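As a starting point, one isolated chain is supplied in structure tokens, in the form predicted alone.
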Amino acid sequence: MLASLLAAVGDFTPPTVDFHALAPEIVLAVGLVVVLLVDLFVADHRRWITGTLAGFFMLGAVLPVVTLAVIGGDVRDALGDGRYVVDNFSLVLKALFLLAGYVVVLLSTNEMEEGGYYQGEYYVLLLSSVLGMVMLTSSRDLISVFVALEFLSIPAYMMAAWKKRDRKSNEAGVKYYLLGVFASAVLLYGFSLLYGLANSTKLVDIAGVITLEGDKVGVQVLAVAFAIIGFAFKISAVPFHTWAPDTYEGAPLPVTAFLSVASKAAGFVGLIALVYLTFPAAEEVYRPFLWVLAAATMTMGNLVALKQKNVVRLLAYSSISQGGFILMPLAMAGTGDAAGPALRAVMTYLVIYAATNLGAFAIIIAVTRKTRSGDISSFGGLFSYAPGVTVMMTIFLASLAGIPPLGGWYAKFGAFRAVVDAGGGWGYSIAVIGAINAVIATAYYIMLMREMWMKPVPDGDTTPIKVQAPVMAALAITGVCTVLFGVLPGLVSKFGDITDLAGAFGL
């Protein structure tokens, strides 16, 4: 036995590793270790340096993303076996996650310093979660997809409960953890069925088996359903959304911003990989499934948002609703020639939504530092003592509502154009439902605007709001992107040009 083992080792050819393609992940991994080590040796009053280092490594990981985009070619096989690839699709999403992570670092700086939290551990977990998201964009194998998903999820469970002495934060972490673990179990069961059917973990190999033909159609349908349900939890799609409002309200606000943008986008990355690479022949299963999820998510999210009295819960249900709008074109991805436009619409929406929602949470962080309240009524009369903050919040809310000429209108326009171009009963019906929900969503965004512009200050305190420098930097980044993406939509359309972005998707 030993002789045969040695012979096998002697014949073993190590995989060819493309270190340039893996450079963003390597930079984040190095940053994770550096932040952990620095936190062990610096004095308590200098723990702020861990946040600076985390931001530095987030931006540092963007540099190889840029070089890969410029000189990397169309598709790079990082490990030589097609299980981990770097194409233009993954590069855009890597940049999105890294820049969103950097903005979250800016939003976290003062919160961590003043709240008595463990700063070093927090930034280690944040870097770990972003690393999982970056890995997920390139994963083309069931195992790597699941490992990346858990790598991003487990740190997020702990960050949600980071306010250790706060009951709501503890509740947020427990709910997120329990439902997240359940979702992972459902997803893993679906993956096990896919592996059993194809005897392979590569997504492209599984696609050749999921044809809805033969004597195993029932198992194929079950595998598709369980895989989609697993990711539906991650994107808080109705009826798998119950964890989101309580988690968003209880978690520290920077963590809530992170979950509402980066974590949600990561869930859509997994869905995109399944729809385009693994289930191209299972349209008859995933289309009605995603259609129902999109319609229910938009409608339920908007209707419940209308009743909210807490601004964070309002944005939580707004985030759920926005997920429904992103699902809308994805549901039509397999209809006719709609694959490319649908993917373009989803990519564009993710980029614009990230900038807009992070900006809205930056405003909430700035305002609640003064009011110490998350009630919508605490925003009353905001314009009278913080006009600049009010104008910025109005821009972000108008963008979320899809009002021209801000970025949100172009995101919604792309989503509606994709489903209308797909045509048929499925496309036109979801477009009508989406249009109705767009009107409903505008109502609660305008309600918050009215509170800021027209209502009196609830306690008479008109002391100006002092926006901290890191939060101001985050506002500048997100505000500029929100306006430019609407005024100059050609900028974001380049990121969503799926003619070149598709890479391994072959579109």
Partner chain sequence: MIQNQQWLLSLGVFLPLVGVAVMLFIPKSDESTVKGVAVLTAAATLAVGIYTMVQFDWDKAGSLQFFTTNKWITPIKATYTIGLDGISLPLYVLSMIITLLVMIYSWDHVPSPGNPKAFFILMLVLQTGMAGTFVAQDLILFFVFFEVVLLPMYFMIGVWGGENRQYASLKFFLYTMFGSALMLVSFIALFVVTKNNAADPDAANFSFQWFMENGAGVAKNTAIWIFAGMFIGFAVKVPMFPFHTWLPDAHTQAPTQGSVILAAILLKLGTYGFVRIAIPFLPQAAVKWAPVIAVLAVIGIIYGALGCLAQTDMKRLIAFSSVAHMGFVMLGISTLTTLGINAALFGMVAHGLITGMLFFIAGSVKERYHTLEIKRLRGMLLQMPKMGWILGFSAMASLGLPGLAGFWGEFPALLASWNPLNGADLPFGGLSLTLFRVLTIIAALGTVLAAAYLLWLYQRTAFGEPSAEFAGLGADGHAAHGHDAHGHGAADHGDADSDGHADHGDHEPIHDVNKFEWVAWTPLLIAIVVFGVVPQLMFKVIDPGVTELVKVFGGK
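Numbering follows the first chain given and starts at 1. Because the structure is a prediction, the values reported are computed rather than measured.
Quick note: we don't show the form predicted together with its partner chain, though the next part is all about it.
S.K.: Can you pick out, from Ile49, Val34, Met449, Met472, the residue that has a heavy atom within 4.5 Å of its partner chain in the predicted complex?
M.R.: Filtering the options by heavy-atom distance leaves Met449.
S.K.: Select from the listed residues Tyr177, Phe151, Phe383, Tyr189 the one whose heavy atoms reach within 4.5 Å of its partner chain in the predicted complex.
M.R.: Here the answer is residue option Phe383.
S.K.: Identify whether its partner chain in the predicted complex is within 4.5 Å of every residue in the set Arg417, Met454 and Leu488, based on non-hydrogen atoms.
M.R.: Contact check passed for all of Arg417, Met454 and Leu488.
S.K.: So, in the predicted complex, is Pro404 in contact with its partner chain at a 4.5 angstroms heavy atom limit?
M.R.: Yes - in the predicted complex, heavy atoms of Pro404 and its partner chain come within 4.5 Å of each other.
S.K.: Using a 4.5 Å heavy atom cut-off, state whether Thr442 contacts its partner chain in the predicted complex.
M.R.: Answer yes; at least one heavy atom of Thr442 falls within 4.5 Å of its partner chain in the predicted complex.
S.K.: Might Trp409 be said to contact its partner chain in the predicted complex, defining contact as any heavy atom within 4.5 Å?
M.R.: Heavy-atom contact with its partner chain at 4.5 Å: present for Trp409.
S.K.: At 4.5 Å between heavy atoms, is Ala435 in contact with its partner chain in the predicted complex?
M.R.: Yes, Ala435 is a contact residue.
S.K.: Heavy atoms within 4.5 Å of its partner chain in the predicted complex: which of the stretches 393-401, 139-147, 291-299, 208-216 has them?
M.R.: Looking at the partner contacts, the answer comes out as 393-401.
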